[in-house]
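As a starting point, one isolated chain is supplied in structure tokens, in the form predicted alone.
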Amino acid sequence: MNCLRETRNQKFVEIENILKILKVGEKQMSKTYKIALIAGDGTGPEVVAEGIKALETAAQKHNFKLEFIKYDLGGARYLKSGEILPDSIMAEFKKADAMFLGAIGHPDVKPGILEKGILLRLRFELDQYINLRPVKLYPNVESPLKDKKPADIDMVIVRENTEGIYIGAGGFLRKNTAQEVATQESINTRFGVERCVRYAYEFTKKRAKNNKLTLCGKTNVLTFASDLWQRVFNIVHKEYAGIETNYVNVDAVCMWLVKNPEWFDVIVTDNLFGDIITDLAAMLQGGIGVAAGGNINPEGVSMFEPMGGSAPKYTGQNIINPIAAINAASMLLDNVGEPKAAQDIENAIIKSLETGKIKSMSAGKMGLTTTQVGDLVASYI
């Protein structure tokens, strides 16, 4: 009997040793993601630092690794060397798993140079054809809409990101004369519209909230482009019978976002209209200090960023709100295939806000420093 017991105990020890070896092997085999990091201008590096803090905390918890490759793109580099975005760096971006951007914009650089040379070039050359903007009101965050609660403001805007009026088609005739003509063309292709619309349908299906997709356009005036969007939208809908659809003119969308934001689940729209309504929506969720977005290539490299811009007047004061950057970090993890870690970051943001320690979403009024907000969120991951 003692011999049998000893044999059984020995087997248990052997099993435990095997499990330990498997666990060690599992840790050694943990995934490493290469993240191209552009801290950028102004307060960009400050908010990015708190996003990285959340990313690394989530990575440690979920047993994966993050390798950050830093790039000094932005106003300072341009003013020093005249370089905006070298081709060699663009080639390196294509090898990354994802990109994390702080902000681009410098007061000493003429508007348009950095935006076109970096942001638009990245979208076009990396084919980041979806701009994804979650719009969510969190607990204890004040919305300018009275009586609206978190359950009322919870939508996603899918914006086409590489066509439309931002591609730079057009020009001048007789510039600087009394007969000057300026043209700016909106180019919409069947290919570009359809892949954006399909992404929106798939996203609505995956989101599984209200299963409702709204097309935002301007069919009564912009008849050609809007007709293309409407036809493609209707054709693709035949493949998604479980999704309710409707169409709303862009001006009406602006009106209903303010009056009844709870009507919207997912909105799909073109580049220009998306640019406008996402800023309006950001205010509904408490301001750009909360708003994050992704420039998505579902088959390639995607970039994630806070929507607040470089805010140079707050640089170095440790008072800028990092919640948007931390939200962008959550989106990044979901994109690379770590949804549990992504959800942990968002849950940590919610818990941090529920404490009431963060008094406001406005810079200098949070009641905590930028670093302290990042520490608080990290503590709940």
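Quick note: we count residues from 1 along the sequence shown, nothing fancier. Everything numeric here is computed off the predicted structure, so don't read it as measured data.
Beyond what is shown, the protein has a form predicted in complex with 3-isopropylmalic acid; the following relates to that form.
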Does 3-isopropylmalic acid come within 4.5 Å of a heavy atom in each of K34, Y71 and E92 in the predicted bound form? no
So if I measure heavy atom distances to 3-isopropylmalic acid in the predicted bound form, which of the stretches 144-152, 119-127, 172-180, 83-91 falls within 4.5 Å? 119-127
I'd like to check something about E163: if you look in the predicted bound form, is any of its heavy atoms closer than or equal to 4.5 Å to a heavy atom of 3-isopropylmalic acid? no
Is there a heavy atom of D275 lying 4.5 Å or less from a heavy atom of 3-isopropylmalic acid in the predicted bound form? yes
Classify E115 as contacting or not contacting 3-isopropylmalic acid in the predicted bound form by the rule of any non-hydrogen atom within 4.5 angstroms, answering yes or no. yes
